[in-house]
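There is one chain below, alone, in structure tokens, taken in the form predicted on its own.
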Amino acid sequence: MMFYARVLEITLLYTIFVIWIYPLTGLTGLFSLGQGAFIVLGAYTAAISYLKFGFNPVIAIIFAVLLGIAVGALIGLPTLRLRKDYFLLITFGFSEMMRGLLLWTAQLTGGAMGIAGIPKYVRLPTISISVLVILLFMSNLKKTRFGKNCIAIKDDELAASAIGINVFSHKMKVFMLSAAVSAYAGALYAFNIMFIEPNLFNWIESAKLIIIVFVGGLNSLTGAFLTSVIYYTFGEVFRFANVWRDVILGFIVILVILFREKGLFGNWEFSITKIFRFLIHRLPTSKEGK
């Protein structure tokens, strides 16, 4: 039982990472290789704040989120006006810079040895509630005017700008929000896994998060969530076949590109209301019963 609870904890933690790639890539069409760096930033900030400066764990997590927002703004302000491919390269550079900075400041961060001995303050209930709240927030965000504007930007930036949408402002808000939640998820990770090191989430891991969103469907939050759950659950339950997880993912990516360009779930979103209506329509009427 403990094993499956542990698998669920890790799977849901990684699911938060994936979910917050979705508003960046799925809604707004921005591809970032630096989200892993924000996760590491949050993890190290929370761990160091607690271990070195004696912060309360909750305050340490809040501080990690605030730093994530600040760094997101610092990177976003000069780069989000550039073309998307330049933005991708800059976020890749940020990811590598973060890893180098952690190695260089070994006295504070532990260098290549990382930081061990972090207490386990975050458990399954906290992680589960976080996932639920984030999913509900994202689901509602997609339906708002802001979310629809983001989708318009993804489809055609020039046309979106022509109808009065402030493209830079929307990109900036999404990027900062994504940085904040990535840092939050990193802080949860540190207080759950109890060990962190610089190579924990490099640019390759960031690319993998984007691939999972792509496979699930760039227009489907449900797809991103379910694909991440399946992918990471498989990796934790079948650790002996962990290397095959990426091989299978690569094979699925090829199949999706060839046969399902919009991803496995396309535009489909889970909705209790839609399921209820579907069941109501399938129930026999009184006349049919007679």
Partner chain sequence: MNMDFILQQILNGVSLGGVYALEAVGFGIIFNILKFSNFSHGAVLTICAYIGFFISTHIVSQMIPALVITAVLGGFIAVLLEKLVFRPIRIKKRPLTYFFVTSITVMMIVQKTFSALWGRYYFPYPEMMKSAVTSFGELVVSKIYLMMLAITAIVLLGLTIFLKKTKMGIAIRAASSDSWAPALMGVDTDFIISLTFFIAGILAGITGFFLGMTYTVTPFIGELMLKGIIAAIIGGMGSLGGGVIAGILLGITESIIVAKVGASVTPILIYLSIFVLLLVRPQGISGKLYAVKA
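Since we're looking at a predicted model, the values are computed, not measured. Residue numbers count along the first chain shown, from 1.
One more form of this protein should be noted, the form predicted in complex with its partner chain, which is absent from this view; the next part is about it.
Report the stretch among 35 to 43, 256 to 264, 221 to 229, 48 to 56 that approaches its partner chain in the predicted bound form to within 4.5 Å, counting heavy atoms only.
Only one stretch passes the 4.5 Å heavy-atom test: 256 to 264.
Checking a candidate spot here: are Leu82, Ile204 and Ala207 all in contact with its partner chain in the predicted bound form (at least one heavy atom each within 4.5 Å)?
Yes, each of Leu82, Ile204 and Ala207 comes within 4.5 Å of its partner chain in the predicted bound form.
Tell me, yes or no, whether Phe31 is in contact with its partner chain in the predicted bound form, where a contact means a heavy atom of each within 4.5 Å.
Output for Phe31 is yes: heavy atoms within 4.5 Å of its partner chain.
State yes or no: in the predicted bound form, is some non-hydrogen atom of Leu89 no more than 4.5 angstroms from a non-hydrogen atom of its partner chain?
Leu89 belongs to the contact set for its partner chain.
Within 4.5 Å, heavy atoms only: does Pro78 come near its partner chain in the predicted bound form?
Taking the distances in the predicted bound form, the answer for Pro78 is yes, it comes within 4.5 Å of its partner chain.
Contact between Ile62 and its partner chain in the predicted bound form at 4.5 Å, heavy atoms?
Answer no; every heavy atom of Ile62 is more than 4.5 Å from its partner chain in the predicted bound form.
Which residue, Ala73, Met97, Leu132, Ala116, has a heavy atom that falls within 4.5 Å of its partner chain in the predicted bound form?
Going through each option in turn, the one that passes is Met97.
With its partner chain left out of view, choose which of Leu200, Met176, Leu101, Ile193 has a non-hydrogen atom within 4.5 angstroms of it in the predicted bound form.
It is Leu101.
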